[in-house]
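Take a look at this single chain in structure tokens; it is the form predicted alone.
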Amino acid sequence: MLAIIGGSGLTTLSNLDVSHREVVRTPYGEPSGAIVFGEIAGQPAMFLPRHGYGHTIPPHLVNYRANLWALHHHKASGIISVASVGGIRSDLQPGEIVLPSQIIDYTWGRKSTYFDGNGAPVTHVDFTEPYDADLRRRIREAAATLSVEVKEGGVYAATQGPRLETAAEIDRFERDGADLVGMTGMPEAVLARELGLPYAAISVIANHAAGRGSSANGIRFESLEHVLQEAMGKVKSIIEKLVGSPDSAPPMGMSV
């Protein structure tokens, strides 16, 4: 059963035929909200809003460990992470959908591993390719079936938030090789890897990053809602096509 984590612009999943909700207690505290279970296109799926159902949890205070543990506990076969981002690369325009392929982590102070404390052994996980290749392929194929354009690849810069970046910081990220910027990509991706959960991200360009394009002199928040609403409609269609066309999933990973 695939799990969808929704971010800004996707706090509910309207095409999920809900069967029940469950509040999950975890060894790592409270998740962002109750997990919603149901079916999409006749296939089981679950949904969790990253920022809570009232969009009240800022990126740096999301309990990523509890969120991922809860989904793993309920036997998720993979995670699709949906989030809005800023476009750094010049060809990434507001409203476009991107499947990032790499991450640079600029966050700090977040609980970013399950192998920590209580006598846990020092454990290193391979993170060369942070996103699952097979799950990304399935997303691309679902989008292609719907004739929805998605841009393949790109480096996601994960920042601390909740403030947006300065133009100089975006310049730095570009020099580092980043193409898009968001606040929730880490440690979510690495925690999924530690749990052995296939993980892929669908990033929606909400705006040009600071100092770029229409954001050259500041980011106009009033324009974001319309852009996200239209793009998230396409994302929901992709998810419906993907979940409705189940594919074999890799075996489950470790237990924590």
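When you see a residue number, it is the position in the sequence shown, counting from 1. Keep in mind that this is a model prediction, so the values were computed, not measured.
From this point on, the text means the form predicted together with a small molecule, which you will not see here.
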Sole residue of I104, A167, L146, L164 within 4.5 Å of the small molecule in the model of the complex, by heavy atom: L164
If you check I219, I57, A34, V227 against the small molecule in the model of the complex, which one has a heavy atom within 4.5 Å? I219
Heavy atoms within 4.5 Å of the small molecule in the model of the complex: which stretch among 135-143, 109-117, 85-93, 71-79? 85-93
Would G154 count as touching the small molecule in the model of the complex under a 4.5 Å heavy atom rule? no
Classify P130 as contacting or not contacting the small molecule in the model of the complex by the rule of any non-hydrogen atom within 4.5 angstroms, answering yes or no. no
